[in-house]
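What follows is one chain in C-alpha coordinates, specifically the form predicted alone.
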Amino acid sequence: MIVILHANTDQDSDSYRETISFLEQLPDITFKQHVVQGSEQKLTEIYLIGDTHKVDQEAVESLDAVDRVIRISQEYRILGRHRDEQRAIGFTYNGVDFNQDNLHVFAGLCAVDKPESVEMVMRELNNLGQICTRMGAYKPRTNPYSFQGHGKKCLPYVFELAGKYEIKVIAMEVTHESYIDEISECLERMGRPTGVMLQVGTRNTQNFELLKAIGRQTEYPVLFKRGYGVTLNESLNAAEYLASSGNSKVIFCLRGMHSIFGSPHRNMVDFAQVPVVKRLTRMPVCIDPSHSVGSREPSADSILDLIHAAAQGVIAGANMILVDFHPDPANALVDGPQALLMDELAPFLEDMLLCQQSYQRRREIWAQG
(Lines give C-alpha, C1' and ligand atoms only; values in the text may rest on other atoms or scores of the structure.)
Protein backbone atom coordinates (compact mmCIF):
# COMPACT_ATOMS: atom_id res chain seq x y z
CA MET A 1 0.00 0.00 0.00
CA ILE A 2 1.24 3.48 -0.88
CA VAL A 3 0.12 6.54 1.05
CA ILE A 4 0.63 9.64 -1.11
CA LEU A 5 0.70 12.97 0.70
CA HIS A 6 -0.39 16.29 -0.74
CA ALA A 7 2.36 18.00 -2.72
CA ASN A 8 4.85 20.04 -0.67
CA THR A 9 3.65 18.63 2.65
CA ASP A 10 5.90 20.08 5.37
CA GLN A 11 7.38 17.44 7.67
CA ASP A 12 7.17 19.93 10.52
CA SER A 13 3.43 20.41 10.07
CA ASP A 14 0.78 19.08 12.44
CA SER A 15 -0.95 17.20 9.60
CA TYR A 16 2.25 15.36 8.73
CA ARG A 17 2.94 14.42 12.35
CA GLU A 18 -0.66 13.23 12.72
CA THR A 19 -0.23 10.96 9.67
CA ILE A 20 3.02 9.45 10.95
CA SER A 21 1.52 8.89 14.40
CA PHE A 22 -1.47 7.11 12.87
CA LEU A 23 0.70 4.84 10.73
CA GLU A 24 2.99 3.99 13.64
CA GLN A 25 0.02 2.58 15.53
CA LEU A 26 -1.03 0.17 12.76
CA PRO A 27 -0.43 -3.43 13.96
CA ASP A 28 2.09 -5.59 12.04
CA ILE A 29 2.92 -2.71 9.69
CA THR A 30 6.22 -0.98 9.02
CA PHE A 31 6.65 1.88 6.60
CA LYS A 32 9.27 3.61 4.53
CA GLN A 33 9.16 7.14 3.14
CA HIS A 34 10.26 8.14 -0.32
CA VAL A 35 10.59 11.83 -1.21
CA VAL A 36 10.85 13.05 -4.80
CA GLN A 37 11.93 16.67 -5.23
CA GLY A 38 10.75 17.90 -8.61
CA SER A 39 11.49 21.21 -10.28
CA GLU A 40 8.33 22.80 -8.82
CA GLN A 41 7.11 20.60 -5.97
CA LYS A 42 8.08 17.94 -3.45
CA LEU A 43 6.16 14.68 -3.45
CA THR A 44 6.17 12.34 -0.45
CA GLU A 45 5.11 8.70 -0.78
CA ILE A 46 4.94 6.38 2.25
CA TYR A 47 5.15 2.64 1.56
CA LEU A 48 3.35 0.41 4.06
CA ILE A 49 4.90 -3.03 4.42
CA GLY A 50 3.24 -5.99 6.11
CA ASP A 51 -0.33 -7.25 6.46
CA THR A 52 -1.82 -4.26 4.64
CA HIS A 53 -5.09 -5.91 3.56
CA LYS A 54 -6.38 -5.27 7.10
CA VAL A 55 -5.60 -1.54 6.94
CA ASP A 56 -8.69 0.67 6.73
CA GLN A 57 -8.00 2.58 3.52
CA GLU A 58 -10.75 5.14 4.12
CA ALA A 59 -9.34 5.95 7.56
CA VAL A 60 -5.93 6.66 6.09
CA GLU A 61 -7.40 8.73 3.25
CA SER A 62 -9.29 10.85 5.78
CA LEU A 63 -6.06 12.20 7.28
CA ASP A 64 -5.47 15.87 6.37
CA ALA A 65 -2.02 15.35 4.88
CA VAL A 66 -3.05 12.42 2.69
CA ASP A 67 -3.93 12.96 -0.95
CA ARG A 68 -4.78 9.34 -1.81
CA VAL A 69 -3.97 5.70 -1.04
CA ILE A 70 -3.04 3.04 -3.60
CA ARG A 71 -3.12 -0.69 -3.05
CA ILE A 72 -0.23 -2.27 -4.92
CA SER A 73 1.20 -5.63 -5.91
CA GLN A 74 4.38 -6.98 -4.35
CA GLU A 75 6.49 -6.29 -7.44
CA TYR A 76 8.20 -2.98 -8.26
CA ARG A 77 6.38 -1.18 -5.44
CA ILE A 78 8.11 2.13 -6.07
CA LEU A 79 8.81 2.02 -9.80
CA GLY A 80 5.53 0.38 -10.82
CA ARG A 81 2.46 2.18 -12.16
CA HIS A 82 -0.08 0.17 -10.11
CA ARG A 83 -2.94 1.50 -12.26
CA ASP A 84 -2.49 5.01 -10.89
CA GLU A 85 -1.94 7.59 -13.63
CA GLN A 86 -1.48 10.50 -11.22
CA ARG A 87 1.89 9.44 -9.82
CA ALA A 88 4.91 11.32 -11.08
CA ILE A 89 6.62 9.79 -14.11
CA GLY A 90 10.25 10.59 -14.80
CA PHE A 91 12.50 13.24 -13.27
CA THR A 92 14.60 16.30 -13.98
CA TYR A 93 18.38 16.24 -13.66
CA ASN A 94 20.80 19.07 -14.34
CA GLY A 95 18.07 20.97 -16.17
CA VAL A 96 17.16 18.04 -18.45
CA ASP A 97 13.72 16.40 -18.26
CA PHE A 98 13.46 12.63 -18.58
CA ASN A 99 9.97 11.14 -18.86
CA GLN A 100 7.90 8.69 -20.87
CA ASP A 101 6.92 11.23 -23.53
CA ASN A 102 10.16 12.83 -24.73
CA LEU A 103 13.32 11.51 -26.41
CA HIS A 104 17.03 12.06 -25.73
CA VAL A 105 19.91 10.69 -27.79
CA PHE A 106 23.07 9.72 -25.88
CA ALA A 107 25.51 9.34 -28.75
CA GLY A 108 29.19 8.95 -27.91
CA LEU A 109 32.12 6.70 -27.14
CA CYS A 110 31.51 3.22 -25.77
CA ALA A 111 34.98 3.58 -24.24
CA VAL A 112 37.01 6.77 -23.92
CA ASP A 113 40.34 6.32 -25.68
CA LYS A 114 41.95 9.75 -26.02
CA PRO A 115 41.03 13.43 -25.51
CA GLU A 116 40.99 14.10 -29.25
CA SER A 117 38.20 11.55 -29.80
CA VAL A 118 36.18 12.94 -26.90
CA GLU A 119 36.48 16.49 -28.23
CA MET A 120 35.57 15.56 -31.80
CA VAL A 121 32.40 13.81 -30.60
CA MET A 122 31.33 16.54 -28.18
CA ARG A 123 32.02 19.34 -30.65
CA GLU A 124 29.82 17.67 -33.26
CA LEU A 125 27.09 17.00 -30.70
CA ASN A 126 27.15 20.67 -29.74
CA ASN A 127 26.99 21.74 -33.40
CA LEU A 128 23.85 19.63 -33.79
CA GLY A 129 22.19 20.98 -30.65
CA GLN A 130 22.65 17.85 -28.52
CA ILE A 131 23.16 18.10 -24.74
CA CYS A 132 23.68 14.44 -23.78
CA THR A 133 26.34 11.84 -24.54
CA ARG A 134 27.79 8.51 -23.47
CA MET A 135 31.42 8.21 -22.39
CA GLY A 136 32.74 4.94 -20.99
CA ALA A 137 35.50 5.43 -18.41
CA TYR A 138 35.11 2.09 -16.60
CA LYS A 139 34.61 -0.91 -18.89
CA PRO A 140 33.82 -4.43 -17.66
CA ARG A 141 35.11 -6.97 -20.18
CA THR A 142 34.63 -10.69 -20.67
CA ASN A 143 38.34 -11.17 -21.32
CA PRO A 144 40.53 -10.10 -18.34
CA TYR A 145 43.27 -9.04 -20.77
CA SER A 146 41.06 -6.70 -22.78
CA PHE A 147 41.11 -2.92 -22.30
CA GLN A 148 39.23 -2.12 -19.09
CA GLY A 149 38.87 1.65 -19.58
CA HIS A 150 41.04 4.55 -18.43
CA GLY A 151 39.01 4.96 -15.24
CA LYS A 152 39.46 8.10 -13.17
CA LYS A 153 42.46 9.22 -15.26
CA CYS A 154 40.17 10.31 -18.11
CA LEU A 155 37.49 11.97 -15.99
CA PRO A 156 39.11 15.44 -15.82
CA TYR A 157 39.34 15.95 -19.58
CA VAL A 158 35.96 14.31 -20.23
CA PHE A 159 34.24 16.64 -17.77
CA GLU A 160 36.20 19.70 -18.92
CA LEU A 161 35.27 19.10 -22.56
CA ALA A 162 31.64 18.47 -21.60
CA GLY A 163 31.54 21.87 -19.97
CA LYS A 164 33.23 23.48 -22.98
CA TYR A 165 30.64 22.03 -25.39
CA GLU A 166 27.61 22.48 -23.10
CA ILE A 167 26.93 18.79 -22.54
CA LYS A 168 24.50 18.52 -19.63
CA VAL A 169 24.44 14.75 -18.95
CA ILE A 170 27.01 12.00 -19.55
CA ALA A 171 25.96 8.34 -19.27
CA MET A 172 28.87 6.50 -17.65
CA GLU A 173 28.94 2.89 -16.46
CA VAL A 174 30.18 2.10 -12.95
CA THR A 175 31.10 -1.39 -11.80
CA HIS A 176 32.09 -0.61 -8.21
CA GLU A 177 30.69 1.82 -5.66
CA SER A 178 34.10 3.47 -5.23
CA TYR A 179 33.80 4.78 -8.79
CA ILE A 180 30.87 6.95 -7.69
CA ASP A 181 33.19 8.70 -5.24
CA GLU A 182 35.80 9.18 -7.96
CA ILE A 183 33.20 10.78 -10.23
CA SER A 184 31.88 13.03 -7.45
CA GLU A 185 35.35 14.14 -6.35
CA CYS A 186 36.36 15.01 -9.90
CA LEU A 187 33.14 16.89 -10.63
CA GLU A 188 33.43 18.85 -7.38
CA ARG A 189 37.07 19.70 -7.98
CA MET A 190 36.24 21.01 -11.47
CA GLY A 191 33.24 23.06 -10.38
CA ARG A 192 30.65 20.62 -11.73
CA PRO A 193 30.81 21.57 -15.43
CA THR A 194 28.42 18.76 -16.38
CA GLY A 195 26.22 16.01 -14.94
CA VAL A 196 26.58 12.23 -14.86
CA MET A 197 24.02 9.46 -15.23
CA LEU A 198 25.36 6.29 -13.61
CA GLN A 199 24.96 3.27 -15.85
CA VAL A 200 24.44 -0.26 -14.53
CA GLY A 201 25.64 -2.68 -17.19
CA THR A 202 23.93 -5.93 -18.07
CA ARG A 203 26.53 -8.01 -16.21
CA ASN A 204 25.69 -6.23 -12.96
CA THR A 205 21.91 -6.42 -13.23
CA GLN A 206 21.81 -8.90 -10.36
CA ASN A 207 24.78 -7.58 -8.40
CA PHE A 208 22.38 -6.60 -5.64
CA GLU A 209 24.95 -5.11 -3.26
CA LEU A 210 26.17 -2.78 -6.03
CA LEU A 211 22.56 -1.85 -6.82
CA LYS A 212 21.93 -1.01 -3.16
CA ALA A 213 25.06 1.15 -3.05
CA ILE A 214 24.09 3.03 -6.22
CA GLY A 215 20.54 3.41 -4.90
CA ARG A 216 21.69 4.90 -1.60
CA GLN A 217 23.05 7.93 -3.41
CA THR A 218 20.35 10.22 -4.78
CA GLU A 219 22.46 12.82 -6.58
CA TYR A 220 22.90 10.94 -9.86
CA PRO A 221 20.13 9.29 -11.89
CA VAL A 222 20.67 5.71 -13.03
CA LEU A 223 20.50 4.05 -16.43
CA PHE A 224 19.74 0.41 -15.69
CA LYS A 225 20.35 -2.15 -18.45
CA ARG A 226 18.27 -5.29 -18.76
CA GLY A 227 20.00 -8.46 -17.60
CA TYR A 228 22.13 -10.43 -20.03
CA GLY A 229 20.01 -13.59 -19.93
CA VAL A 230 17.21 -13.10 -17.39
CA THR A 231 13.52 -12.43 -17.85
CA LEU A 232 12.08 -8.95 -18.12
CA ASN A 233 10.31 -9.42 -14.79
CA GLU A 234 13.58 -10.34 -13.07
CA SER A 235 15.26 -7.25 -14.50
CA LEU A 236 12.42 -4.96 -13.43
CA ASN A 237 12.58 -6.37 -9.90
CA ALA A 238 16.34 -5.82 -9.92
CA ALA A 239 15.79 -2.17 -10.87
CA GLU A 240 13.52 -1.90 -7.83
CA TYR A 241 16.61 -2.45 -5.66
CA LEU A 242 17.75 1.02 -6.71
CA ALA A 243 14.44 2.63 -5.80
CA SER A 244 13.97 0.71 -2.55
CA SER A 245 17.41 1.94 -1.46
CA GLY A 246 16.37 5.56 -2.06
CA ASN A 247 16.91 6.49 -5.72
CA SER A 248 13.86 6.32 -8.00
CA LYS A 249 15.45 8.41 -10.77
CA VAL A 250 15.87 5.33 -12.95
CA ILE A 251 15.73 4.78 -16.71
CA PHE A 252 15.31 1.19 -17.91
CA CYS A 253 17.39 0.17 -20.93
CA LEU A 254 16.57 -2.61 -23.37
CA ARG A 255 19.83 -3.80 -24.92
CA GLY A 256 18.98 -7.11 -26.56
CA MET A 257 18.86 -10.64 -25.13
CA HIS A 258 21.76 -13.08 -25.29
CA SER A 259 20.46 -15.82 -27.58
CA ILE A 260 21.64 -17.89 -30.54
CA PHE A 261 18.35 -16.98 -32.18
CA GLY A 262 19.47 -13.38 -32.58
CA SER A 263 22.16 -14.31 -35.12
CA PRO A 264 23.52 -12.66 -37.22
CA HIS A 265 22.95 -9.82 -34.76
CA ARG A 266 24.97 -9.73 -31.56
CA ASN A 267 21.81 -10.19 -29.46
CA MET A 268 18.11 -10.80 -29.97
CA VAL A 269 16.67 -7.30 -30.31
CA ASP A 270 13.93 -6.83 -27.67
CA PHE A 271 12.63 -3.37 -28.52
CA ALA A 272 9.06 -4.65 -28.92
CA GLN A 273 8.99 -4.57 -25.10
CA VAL A 274 9.33 -0.76 -24.94
CA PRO A 275 5.55 -0.31 -24.46
CA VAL A 276 5.49 -3.20 -21.97
CA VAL A 277 7.99 -1.49 -19.65
CA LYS A 278 6.08 1.80 -19.96
CA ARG A 279 2.82 0.05 -19.11
CA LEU A 280 4.21 -1.76 -16.06
CA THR A 281 6.40 0.99 -14.63
CA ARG A 282 6.88 4.74 -14.37
CA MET A 283 10.42 4.56 -15.77
CA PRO A 284 11.44 6.23 -19.03
CA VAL A 285 12.67 3.55 -21.45
CA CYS A 286 16.01 3.55 -23.26
CA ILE A 287 17.12 1.40 -26.18
CA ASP A 288 20.69 0.40 -27.02
CA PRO A 289 20.78 -0.57 -30.71
CA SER A 290 24.60 -0.69 -30.76
CA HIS A 291 24.89 -3.61 -28.36
CA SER A 292 21.72 -5.25 -29.64
CA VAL A 293 22.84 -5.44 -33.27
CA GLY A 294 26.61 -5.22 -32.83
CA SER A 295 27.61 -4.49 -36.43
CA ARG A 296 27.46 -1.99 -39.28
CA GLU A 297 25.84 -4.36 -41.76
CA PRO A 298 23.44 -2.59 -44.18
CA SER A 299 20.12 -4.00 -45.32
CA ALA A 300 19.00 -4.14 -48.94
CA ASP A 301 17.77 -0.53 -48.71
CA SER A 302 21.30 0.61 -47.70
CA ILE A 303 20.14 1.54 -44.18
CA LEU A 304 22.19 -0.11 -41.45
CA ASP A 305 20.45 -2.84 -39.41
CA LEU A 306 21.47 -0.87 -36.31
CA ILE A 307 19.59 2.20 -37.50
CA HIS A 308 16.54 0.13 -38.45
CA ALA A 309 16.52 -1.34 -34.93
CA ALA A 310 16.79 2.10 -33.35
CA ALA A 311 13.89 3.33 -35.48
CA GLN A 312 11.74 0.39 -34.38
CA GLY A 313 12.36 1.25 -30.73
CA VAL A 314 11.60 4.94 -31.13
CA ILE A 315 8.47 4.41 -33.17
CA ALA A 316 7.28 2.14 -30.33
CA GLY A 317 7.77 4.97 -27.84
CA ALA A 318 11.37 4.78 -26.56
CA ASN A 319 12.48 7.85 -24.58
CA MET A 320 16.25 7.54 -24.86
CA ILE A 321 18.79 6.06 -27.27
CA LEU A 322 22.23 4.93 -26.16
CA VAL A 323 24.31 4.63 -29.32
CA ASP A 324 28.00 4.30 -30.16
CA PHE A 325 29.74 6.83 -32.40
CA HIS A 326 33.48 7.15 -32.98
CA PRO A 327 35.68 9.39 -35.17
CA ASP A 328 37.85 6.40 -36.13
CA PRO A 329 36.05 3.09 -35.42
CA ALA A 330 38.87 1.00 -36.89
CA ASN A 331 41.10 2.16 -34.04
CA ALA A 332 38.49 2.24 -31.27
CA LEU A 333 39.61 0.36 -28.16
CA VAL A 334 36.15 -1.18 -27.56
CA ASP A 335 33.36 -2.24 -29.96
CA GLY A 336 34.69 -0.37 -32.99
CA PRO A 337 32.86 -2.61 -35.52
CA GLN A 338 29.46 -1.43 -34.26
CA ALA A 339 30.24 2.30 -33.94
CA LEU A 340 28.58 4.75 -36.29
CA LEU A 341 30.67 7.37 -38.08
CA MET A 342 30.64 11.05 -37.21
CA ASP A 343 29.24 12.03 -40.62
CA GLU A 344 26.32 9.69 -39.87
CA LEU A 345 25.34 11.57 -36.72
CA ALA A 346 23.27 14.30 -38.39
CA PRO A 347 21.18 11.91 -40.55
CA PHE A 348 20.79 9.56 -37.57
CA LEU A 349 19.32 12.38 -35.46
CA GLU A 350 17.04 13.44 -38.32
CA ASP A 351 15.84 9.85 -38.76
CA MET A 352 15.13 9.42 -35.04
CA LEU A 353 13.23 12.74 -34.92
CA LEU A 354 11.08 11.52 -37.80
CA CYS A 355 10.40 8.28 -35.93
CA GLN A 356 9.47 10.18 -32.77
CA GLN A 357 7.05 12.35 -34.74
CA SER A 358 5.53 9.19 -36.24
CA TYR A 359 5.06 7.76 -32.75
CA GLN A 360 3.34 10.95 -31.61
CA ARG A 361 1.07 10.85 -34.65
CA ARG A 362 0.28 7.19 -33.95
CA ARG A 363 -0.81 8.17 -30.43
CA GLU A 364 -3.12 10.83 -31.87
CA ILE A 365 -4.68 8.35 -34.30
CA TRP A 366 -5.49 5.82 -31.59
CA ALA A 367 -6.62 8.50 -29.13
CA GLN A 368 -9.29 9.49 -31.63
CA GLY A 369 -10.54 5.92 -31.78
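Each residue number is its position in the shown sequence, starting from 1. Since this is a predicted model, take the numbers as computed values, not measurements.
The protein also exists as the form predicted in complex with a small molecule; that form is not presented, and the subsequent description refers to it.
Checklist entry - If you check in the predicted complex, is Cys110 within 4.5 Å of the small molecule, heavy atoms only? => result Heavy-atom contact with the small molecule at 4.5 Å: present for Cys110.
Item to check | Heavy atom of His104 within 4.5 Å of the small molecule in the predicted complex | outcome: Flag for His104 set to no.
Item to check | Any non-hydrogen atom of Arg255 within 4.5 angstroms of the small molecule in the predicted complex | outcome: Because a heavy atom of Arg255 falls inside 4.5 Å of the small molecule in the predicted complex, the answer is yes.
Next on the checklist: Please tell me whether any heavy atom belonging to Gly163 falls inside 4.5 Å of a heavy atom of the small molecule, as the geometry stands in the predicted complex.
Outcome noted: Answer no; every heavy atom of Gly163 is more than 4.5 Å from the small molecule in the predicted complex.
Checklist entry - Exactly one of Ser235, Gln130, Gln199, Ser248 has a non-hydrogen atom within 4.5 Å of the small molecule in the predicted complex; which residue is it? => result Exactly one listed residue reaches within 4.5 Å, namely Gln199.
Item to check | Heavy atom within 4.5 Å of the small molecule in the predicted complex - residue from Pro193, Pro156, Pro115, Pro140 | outcome: Going through each option in turn, the one that passes is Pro140.
Item to check | Heavy atom contact within 4.5 Å of the small molecule in the predicted complex, the stretch among 122 to 130, 181 to 189, 147 to 155, 201 to 209 | outcome: It is 201 to 209 that comes within 4.5 Å of the partner.
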